[in-house]
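Just the one chain here, the form predicted on its own, laid out as structure tokens.
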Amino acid sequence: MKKRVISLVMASMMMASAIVGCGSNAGSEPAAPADNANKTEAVDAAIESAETKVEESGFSYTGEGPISEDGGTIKILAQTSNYSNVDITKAPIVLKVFEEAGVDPDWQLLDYNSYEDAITPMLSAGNIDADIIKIPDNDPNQIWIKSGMFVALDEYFDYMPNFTKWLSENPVQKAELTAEDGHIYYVAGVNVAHDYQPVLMYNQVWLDKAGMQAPENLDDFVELLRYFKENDMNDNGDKNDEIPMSIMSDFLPYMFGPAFGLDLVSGFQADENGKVTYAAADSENYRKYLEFLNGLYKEGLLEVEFTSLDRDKVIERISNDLTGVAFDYSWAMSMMYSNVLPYYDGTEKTAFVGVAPLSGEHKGFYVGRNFLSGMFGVSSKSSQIELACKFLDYSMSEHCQDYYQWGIEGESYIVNADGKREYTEQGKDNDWLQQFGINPAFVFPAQQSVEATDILVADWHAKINADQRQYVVDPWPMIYATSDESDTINMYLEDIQTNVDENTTAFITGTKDIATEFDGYIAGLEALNLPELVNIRQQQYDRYLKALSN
């Protein structure tokens, strides 16, 4: 019987989770549901107090700039931009936030691509001199919370009117941010979780030259790749320079996993009966997934150096009309991929076009994203915790979110006579807009906007995005693990993930033989205590479903 790993019915339940105070977020676990109700009373009281309290004397921060009468300097440890040509510290939008806040930045920015590897040992050692820190993940197992590295923000809610207002208006996210001890430690950015998600894209000009439609299943997809590989698709007289598919390795699970019934993006998954499994330990479907990718690799349809391919290289290939298939966040469709094609004229017919997911024995789907993303906390070692809380609060205000989504009036956008906004000509240039500092989620808790993105991208792109929503399903929900659960997860999960990553690459490239060594791989995961982790995830998911039913 064909199974849908995360059924649309379950996705609908997750979207309706606001009723019970739980939400849906990818790749990490949510704040514990109903059992924590009594622990959140202190947070509720802190929010109510902060919304009504007026400081009796001295400078009063009201949520607007400036945040301090005397100014000051805020030390921020965060990421560089994921665009190599963007210096986020000089971006006008970022500078505007500091100017209006009346404080100066002292930046400590680590490379975007290696941020987690670089900051994790720093956090573990407690060797950080910063007021505000962007944590490397959503801290699902409360590692950094338990380390004492961050202050409980609810104890400073009198200085955070914007954040308390946002929490009151977003009870789902408030529940997700509430730790096991009942405190809130992080301010988070917000993703558009069902729009502009990772999507399969084809060079429409190449498709038309081949006389083919976008494939709906894996077999037709392979035939298309073979055609691209064997024919002079770019009409330059050389039939050997075509690269049929340019896919960064991180996107292979997004692109092909669902066709085999696997949510490899989230890792753990639940079927329509609520049974939890680990996708990369599915002895039948994961094996077929690896066999399929190994077949592409042997044929040269998946390039030899697929593990080292990055976005800049993909863009370079597209600009030289060398590749026919890509997979990336939908944002790239018209803003980074189509616009560099030598013949793109602004129309869908000359673009890299997003399509429905591929199906195999299982119907394809796209895995949506976490609503919460980009967690920022105030260091408990800061010598100016109140000022840091004020700045973090101001940086997530509606006023600043408007900057993050639209930029600065007259420079990146204008307001028409009918009151509607539209981007200026230079604002429609993605490179310029990135350098201007749009969506600076690397350094601030930025909230993404579907409306602003729809206006920014080509009209045909916005229509495709709207059509893609039907294929996007919620990932594994986000719930903070209990203390006992997190201890076990911290003990075993990293080794399991490392084992999976190493073996996956080996099986795809053929350095390990799937026929003779796959069973040993599964046995190895069991020896690393995977069954115990699956049991914990099952308990968490059962709690989640109970909260939904309540």
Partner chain sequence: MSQGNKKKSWKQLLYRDRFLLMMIIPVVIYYLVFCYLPMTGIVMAFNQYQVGSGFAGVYTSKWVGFKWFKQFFGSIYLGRLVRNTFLLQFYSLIFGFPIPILFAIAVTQVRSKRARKAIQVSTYLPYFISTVVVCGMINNFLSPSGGIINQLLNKIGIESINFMNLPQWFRPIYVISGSWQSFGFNSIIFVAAIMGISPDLYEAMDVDGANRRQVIWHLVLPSIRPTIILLLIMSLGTMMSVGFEKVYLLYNTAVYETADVIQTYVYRQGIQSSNYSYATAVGLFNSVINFVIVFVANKISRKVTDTAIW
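Residue numbers count along the first chain shown, from 1. Predicted, not measured: the structure shown is a model, and the values here were computed from it.
Absent from the display: the form predicted together with the partner chain. The rest refers to it.
Q: Tell me which stretch of 339-347, 305-313, 172-180, 212-220 has a heavy atom within 4.5 angstroms of the partner chain in the model of the complex.
A: Correct option: 305-313.
Q: Indicate whether the candidate residues D117, L123 and W144 are all in contact with the partner chain in the model of the complex, with contact defined as any heavy atom within 4.5 Å.
A: Result yes, every residue of the spot touches the partner chain.
Q: Though only this chain appears here, would M149 touch the partner chain in the model of the complex if you measure heavy atom gaps against 4.5 Å?
A: So M149 counts as contacting the partner chain.
Q: Within 4.5 Å, heavy atoms only: does D519 come near the partner chain in the model of the complex?
A: No, no contact at 4.5 Å.
Q: Just checking whether T511 would be counted as a contact of the partner chain in the model of the complex - the rule being heavy atoms within 4.5 angstroms.
A: Flag for T511 set to yes.
Q: Spell out, yes or no, whether the shortest heavy atom distance between S60 and the partner chain in the model of the complex is within 4.5 Å.
A: Heavy-atom contact with the partner chain at 4.5 Å: absent for S60.
Q: Note which of Y83, Y329, Y297, F98 lies within 4.5 Å of the partner chain in the model of the complex, where distance is taken over heavy atoms; exactly one does.
A: Checked against the cut-off, the match is Y297.
Q: Pick out the residues of 497-513 whose heavy atoms come within 4.5 Å of the partner chain in the model of the complex.
A: The stretch 497-513, when checked against the partner chain in the model of the complex, contributes T498, N499, D501, E502, T505, T511 at the 4.5 Å heavy-atom cut-off.
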